[in-house]
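Just the one chain here, the form predicted on its own, laid out as structure tokens.
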């Protein structure tokens, strides 16, 4: 409305000024041909300022009539005494119309150039934003912001996994969105199948796959320039999304190759760790069977003890492997109960005392009754694994101590020995599953599965576990557990 009044005011002002200038020039004796130039100038000003051909034509008509009324004989009359003026008037109107058309065409070209410049600047900025995107979701979010800035409509993006970015959309559009993505077609109410929708839906598809759809609401009608702009944004998006997709596929392939290498190395190590005790059990039992009558009782007991020890080691290895598989499952649930720590440690002592040999185990009990909220069987497994490691991989007459200390919100447990330490560069890796197998660690301390299981169990209880070489010349394992918890 304001623009309408402005254009009329410009038209009226230019006409009054031009007619006044026309009369002034005529009174000074200026020839009619020069006065025509005033008219042309007036029409140019009207066209440039109002950007309307109708005001230009109206101005041409007013100029012709005013010239006829004020300049030609008889004056102050619309009659024309000289027929040549009719030809002049017609030519003037034709020239004026041509000038109108050229000026308006030039203005349209200027506006189009400005719009193209604006579009190029937007696309350039969008391209930079997309190139700095860290993930697919980041690309979608930047695209929504960019399109919202350029268009007068609300914009949403539905990714291929169903996530919506931007304004929430109605579930009634699900069919149209699915159809647009599958058919790689722009959907709007012009499509006979979806006449009832007001939105315009653009698929985000590349040669490799579909990445989702862009949904633009129908609050403002999209022009051809707007449609082309959205397509350009989609092209920029797909370049970045394609690049990320290819990079992830390459990374997935690399991980698969590494996993295959790891499995090969793992199976080789597992075969060795299983075959060694089996060979000992088979050889010992065969020797005992064939030489039973010739062997002394002490020799028989020694062979039987060796067979028993190897079978225990093999059984422990298999159990640890099964425990690790079970704990790696996402849906594993802990059977937590409130249990006295001293009762747990008593059961641990019963399990390991036959394995001590020439090693000594000391369990320090607390003066007060301390309870822990945990899965008792798994917590017992942690202590057994830590003590077994100390038994197997320390020197003779090693002393192994188990101690605990109640703190404000947690309990700190310690399992330490004085039977030799671990190389500093390897101690940070000892809780990794199969580290000793895959890293070819020396056999002095074979931390293959047991410590990895300990770490998994403690973290499942929302605790922490770590290890360090102590001043007594051995290793100390410490872990914490919360006093209570769900």
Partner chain sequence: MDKTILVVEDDPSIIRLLKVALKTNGYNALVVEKGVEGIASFLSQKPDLILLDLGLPDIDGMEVLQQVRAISSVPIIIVSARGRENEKVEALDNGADDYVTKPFNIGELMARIRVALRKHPQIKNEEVFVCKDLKVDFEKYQITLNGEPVHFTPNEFKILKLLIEHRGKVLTHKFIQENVWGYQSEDVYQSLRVYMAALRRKIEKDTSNPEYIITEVGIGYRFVEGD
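No experiment lies behind these values; they were computed from the predicted model shown. Residue numbers count along the first chain shown, from 1.
The next section is about a form of this same protein that is not shown, the form predicted in complex with the partner chain.
- Listed stretches are 229 to 237, 342 to 350, 147 to 155, 277 to 285; the contact stretch with the partner chain in the model of the complex is 342 to 350, by a heavy atom cutoff of 4.5 Å.
- For the options 165, 179, 97, 371, the residue carrying a heavy atom within 4.5 angstroms of the partner chain in the model of the complex is 371.
- Of the listed positions (188, 405, 319, 159), a single one reaches within 4.5 angstroms of the partner chain by any non-hydrogen atom in the model of the complex, namely 319.
- The partner chain in the model of the complex comes within 4.5 Å of a heavy atom belonging to residue 366.
- Although the partner is absent here, residue 308 is a contact residue: one of its heavy atoms lies within 4.5 angstroms of the partner chain in the model of the complex.
- The shortest heavy atom separation between residue 315 and the partner chain in the model of the complex is within 4.5 Å.
- Of the heavy atoms in residue 389, none are within 4.5 Å of the partner chain in the model of the complex.
- Along 34 to 72, not one residue places a heavy atom within 4.5 Å of the partner chain in the model of the complex.
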